[in-house]
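What follows is a single chain, given as structure tokens, in the form predicted on its own.
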């Protein structure tokens, strides 16, 4: 039997979305899928017809998706309407908001980054989620760094790990793996 094919196409700024996409791919491969992972900054996708599921991911910075992920949605939105689609975003702020109890803000950004994007491109995803991300103080601009400096005291209690000097990772790997496994059942249970 031929393996079902999955495309994971993503845009990233600090690399969180890259390693998240790779972990999703690993889980899906372990479940028997053939998975192609594409960093849209480095590679163009020419055709999506052969894929059973297309997962689109983007890092979030200053309240925006990456330009490459948005360009992918613009280019393929007519075809994506007839495909099984899942969407994820990487946002360092989510874990911080959870820690601080800012549930209304989490709901607002979930709507903005996921629901509104799906609606803008007239998509009906089988799943959408927001994972943690990475804040890399070594790469961010002065203004953004200054804003986040005031939050550093909350990083450790919120679950951020300093993976190298100035780089904070807020992802929950178990949550990422769980979402990938949930996608497996949705691929089979959600006809288009």
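Since we're looking at a predicted model, the values are computed, not measured. Numbering follows the first chain given and starts at 1.
Separately, the form predicted together with a small molecule exists; it is not shown, and the next lines address it.
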message: Looking at 62-70, 43-51, 22-30, 150-158, which stretch has residues with any non-hydrogen atom within 4.5 Å of the small molecule in the predicted bound form?
response: 62-70
query: Quick one: does residue 117 come within 4.5 Å of the small molecule in the predicted bound form, counting heavy atoms only?
result: no
task: Look up in the predicted bound form whether residue 179 has a non-hydrogen atom within 4.5 angstroms of the small molecule, and give yes or no.
output: no
field: Any non-hydrogen atom of residue 134 within 4.5 angstroms of the small molecule in the predicted bound form
entry: yes
message: My question is simply whether residue 121 lines the interface with the small molecule in the predicted bound form - judged by any non-hydrogen atom within 4.5 Å.
response: no
